Structure formats: C-alpha cells, structure tokens
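Single chain ahead, written as structure tokens, the form predicted alone.
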C-alpha cells in the first residue's frame, strides 16, 4: 500500500509539472499583450482558468463540426443533461464526479441507439425522454445531498475554481479526442457525409458511431467545470455552425470551428473577469456573437451576400 501511495503521489507531481509547463507556454503570448492586458493573469487561478478555457474551447470546437454535420445537436444536449444523475451518485459514493458523469452520459448515449433500434420510438423522441428524465432525476438527487452552490457550479460551470486535478483530466480527454479524430479522420469524413457508402465499402459504421458518441460524452464531462451542463451544448454546436457558414470542406471547417471555440472561451473568460459575470455565460455569448457575424458577413452564405445576389 505504501508503494502504491508513493506511485500515486509521484504521478500527481508529474501531472502538476505538465500542467505548469503548459501554463508557462500560454503565458508567453499573454506577456506580449499591450497595456494591462496581461495583468489579470498574474493570479494563479486565472492562469489555470485560461488553460482550461483553451483546452475545452479547442476540443469542443473540433468535435462541433461533426455534431453539426451529423445533426447531433439534440444528442449533445441529451448527454450533457443525462450526466447529472452520475454526478449525484459519484457525490454520494465520494468518487470523482468525472467517473459518475462519464458512466451516466455513456449509458444515455447507448440507450438512445438501443431505443431507436428496438422500438417504434424515433431518435429525437428517445433523446427528449432521456434528456428530461435524466436531468430531472439528477436534480432530485442533488437537491437532497448538495448545497445550492454545488448545483450552480455543476449547471453553469466555475472556470475560476478549476484545480490541477480537473486540468489534468481535461488534458487527457483532449488528447484522446484529438488522437481519435486524427486516426480516423478519413473514416469519419465518409461516415459523416455518406454513411450508406461507408457501410457498403466495409466500414464498421456501428462501432464508429458509438466511438464518436463516447468521445463526445468524454468531452462533455470534462467541460462541466468550465461551462457547466446547461451551456456545454452551445460550445459543441455554435463553433461548428459558424464554421459551416464559412467553409465548404471538412478540413477547413474543423480548423475554423476549433479556432472559434478557443477564441470564444478565452474572450469569454476575459470578459467574465472584467465584468464580474458568469464565465460560462460570457463564453457562450461570445460564441453566439461570432455566429451572428458569420451569418451576416460570410462571403457566400451570409445575409449580405445573399441580398446582393438577389439584387443583382
């Protein structure tokens, strides 16, 4: 037992060192900001919040392209709300909430497919049932065991309170998501645009489908500290929708979507500090502002461009 405890302590120290190194890298461009732009990042909690925002915004933006193209917006909403019972059970068992949330979210994502395939209930109805039922169950349990403060942080996030353990978990999840997309990008592209053709040439579309859902679930779970259950779906949909208005190919769309996700998270963090506002809410509002700009100004699909074509 002593040796196991020593190994765990060494692992924790190593993880902390990795996080500190990443924060140091982030501070290099931050130090170049004009005026007092870098002053807010003199505090340790703001530096940790910045790293969390970059990772969550980046991985949500990356997966957002697939969520939008597969029309999985409601699925993301379902998973994000269905993790709440898992959070409550983990709290009861004194376990890391990430474990309970992932198990609960994974079960919900698998249940959607099971209900659709074995009953007459359609996918959207199954999602709606699991979304409302899971969220209600979580609210009931948490209402009995936790304070209003705990509930607020779970629902809306608290990026300024992110610690090293949460940062390390988020980093691992981000690596898993990026590695998955990089390894299966060709298969995911074909499955996204033409699942019938993908199945015809021998791709295991069922496994690919559930693997993508599990990676999406993992991303949602590790985003809870930053933006919370209620707002995480916006970070999974809005960057991809913005990129969809600007791009015609998946590669550029993923790049733009990732950039919008990171920019929204970082600018939202800065605004929340300046305005003393909820961080999750400001991140989503910035993402929404990017979408509205693209909706109006996009060269081909923007409202102004469409008006000019009709006028011509």
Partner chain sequence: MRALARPRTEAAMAVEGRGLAAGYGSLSVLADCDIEIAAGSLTALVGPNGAGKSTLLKLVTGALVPWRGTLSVFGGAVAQARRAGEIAYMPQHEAIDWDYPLTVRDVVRLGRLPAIRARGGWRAWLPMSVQPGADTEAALGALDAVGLAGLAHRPIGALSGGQKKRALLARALVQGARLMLLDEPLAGVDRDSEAVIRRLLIEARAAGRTVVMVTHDLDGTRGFADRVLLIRGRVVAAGTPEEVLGVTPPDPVAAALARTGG
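In this text, all values refer to a predicted model and were calculated from it rather than measured experimentally. Numbering follows the first chain given and starts at 1.
The protein also exists as the form predicted in complex with the partner chain; that form is not presented, and the subsequent description refers to it.
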Next on the checklist: If contact means a heavy atom within 4.5 Å, which one of 221-229, 183-191, 161-169, 102-110 is the stretch that engages the partner chain in the model of the complex?
Outcome noted: 183-191
Next on the checklist: Each of 71, 199 and 202 having a non-hydrogen atom within 4.5 Å of the partner chain in the model of the complex: is that the case here?
Outcome noted: yes
Checklist entry - Out of 26, 54, 267, 250, which one falls within 4.5 Å of the partner chain in the model of the complex, going by heavy atoms? => result 250
Checklist entry - Should residue 244 be counted as a contact of the partner chain in the model of the complex, where contact means heavy atoms within 4.5 Å? => result yes
Next on the checklist: Suppose contact means any heavy atom within 4.5 Å; which members of 24-52 contact the partner chain in the model of the complex?
Outcome noted: none
